[in-house]
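Only one chain is shown below, in C-alpha cells, and it's the form predicted on its own.
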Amino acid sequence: MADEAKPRIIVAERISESALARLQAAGEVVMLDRPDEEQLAAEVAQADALAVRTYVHVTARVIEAAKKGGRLKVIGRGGVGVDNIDVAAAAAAGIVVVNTPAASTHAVADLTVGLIIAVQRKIAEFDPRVRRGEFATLRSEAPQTLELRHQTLGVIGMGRIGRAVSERLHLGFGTRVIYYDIREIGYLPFAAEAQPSAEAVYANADIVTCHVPLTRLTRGMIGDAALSHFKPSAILINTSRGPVVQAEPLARALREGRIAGAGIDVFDPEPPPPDHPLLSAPNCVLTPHVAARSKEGIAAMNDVVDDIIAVLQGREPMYPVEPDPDA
C-alpha cells in the first residue's frame, strides 16, 4: 500500500535514471507511457505533480480534471517550449508550470550551424553519389558557394538559441547578422542589426533561421507570403517547432527554385507521414527532431525534476513559466 503522506508524481514520458531516482526520493512515482488525454485526465485527478517532455499534451480538459481532484501542484516540462501545456489554464487553476529554458541552447545552436553548412555545401546529396562512383563528375560540376563570412544570417527570434547561433556564425565565421524579434532585445555581445519586420529579414538574408516559440503569432508564419520575400539563393533553417513553417508552400518553393534549400529538424505532425511534402522536396536536409539531443542537453532537460520537487516541498522553483499573452 502506498504511503499516503508522500506526494504522488506522474511521469508521463521517459526520463533519466538519475532524474527518476530524485523523484522517487521525494514521492511515489507512477510511470506512464505517453498516455492519451483520457488516461492522463484520470491520473492527474489523483496526483500532486506531473512530468512531461515533448509528446504528451496537457490540455484544458486535463487541467480541469486536475483542478477537480484538488491535488496537482506542479507540471514540469523537460525542455524549452511549453506549447504542449495549456499554461493559461494551469495558472487559472493555481498550478505551477516549470520548464528548462536553457537546457538545449548549445545543442540546438550546434545543429543549426551544421544544417546551414550541410544544405549550402550539399553534404547529404554528395555522400551517396560519391559512394556510387560519381566523384569526378561531382568535383567538376559542384556549384561554388559564398563563404559564410560573405553572407548574411537572418534570425527570427533573438532569444537564447537565436543568440547562440548568431554568436557562432558572427564570431566564428564572420557572418553578418540581422534579426527580428517582437520583444526589445537590448545588449548583444556581438554585432547584430535589428530589422523593422520579419519581411525585412527574409528579403535581406542569405540564411533565415527560426528560433521562436509556437504561439498563435508564429504558427504558420513561414508560408507563401513569407517565402515570396526570400532571395532565390537563400536557405531556410527550422529547428524551433514544426508548425512554424508551412510544409507545402516550402516544398513548392524548393521545387520551383524560389528558394535554394532548407534544413528542417521539426515537422508537423511528428513523425512525418510518408506523404509529407518535405520528404520529397529537393535541396532539403531533414533530421528527426534531434537538435536538443546532446548528452548535456538531455541531462539539463531532466533537471526539471528539481523544480518539480521544489514546488512540492514549498520552495520557489528556478524556472516558473508565466502565461504568454501571444500563445
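All residue numbers refer to positions in the sequence shown, first residue = 1. All of these numbers come straight from a predicted model, not from anything done at the bench.
There is another form of this protein, the form predicted together with nicotinamide-adenine-dinucleotide, and it is not shown here; the text below is about that form.
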Open item on the list: Contact check in the predicted bound form: Pro213, Leu217 and Ser240 versus nicotinamide-adenine-dinucleotide, with a cutoff of 4.5 Å between any heavy atoms. Do all three pass?
Closed with: yes
In the predicted bound form, the residue from Glu43, Asp48, Glu28, Asp265 with a non-hydrogen atom within 4.5 Å of nicotinamide-adenine-dinucleotide is Asp265
Among His289, Arg258, His276, Arg53, just one has a heavy atom within 4.5 Å of nicotinamide-adenine-dinucleotide in the predicted bound form, namely His289
Given 127-135, 247-255, 218-226, 140-148, the stretch touching nicotinamide-adenine-dinucleotide in the predicted bound form at heavy atoms within 4.5 Å is 218-226
Does at least one non-hydrogen atom of Pro101 fall within 4.5 angstroms of nicotinamide-adenine-dinucleotide in the predicted bound form? yes
In the predicted bound form, is there a heavy atom of nicotinamide-adenine-dinucleotide that lies within 4.5 Å of any heavy atom of Gly81, even though the partner is absent here?
yes
Taking 4.5 angstroms as the cut-off for heavy atoms, does Arg160 touch nicotinamide-adenine-dinucleotide in the predicted bound form?
-> yes
Q: Please check if Ala93 has a heavy atom lying within 4.5 Å of any heavy atom of nicotinamide-adenine-dinucleotide in the predicted bound form.
A: no
When nicotinamide-adenine-dinucleotide is considered in the predicted bound form, the residues of 177-204 having a heavy atom within 4.5 Å of it are Tyr180, Asp181, Ile182, Arg183, Ile185
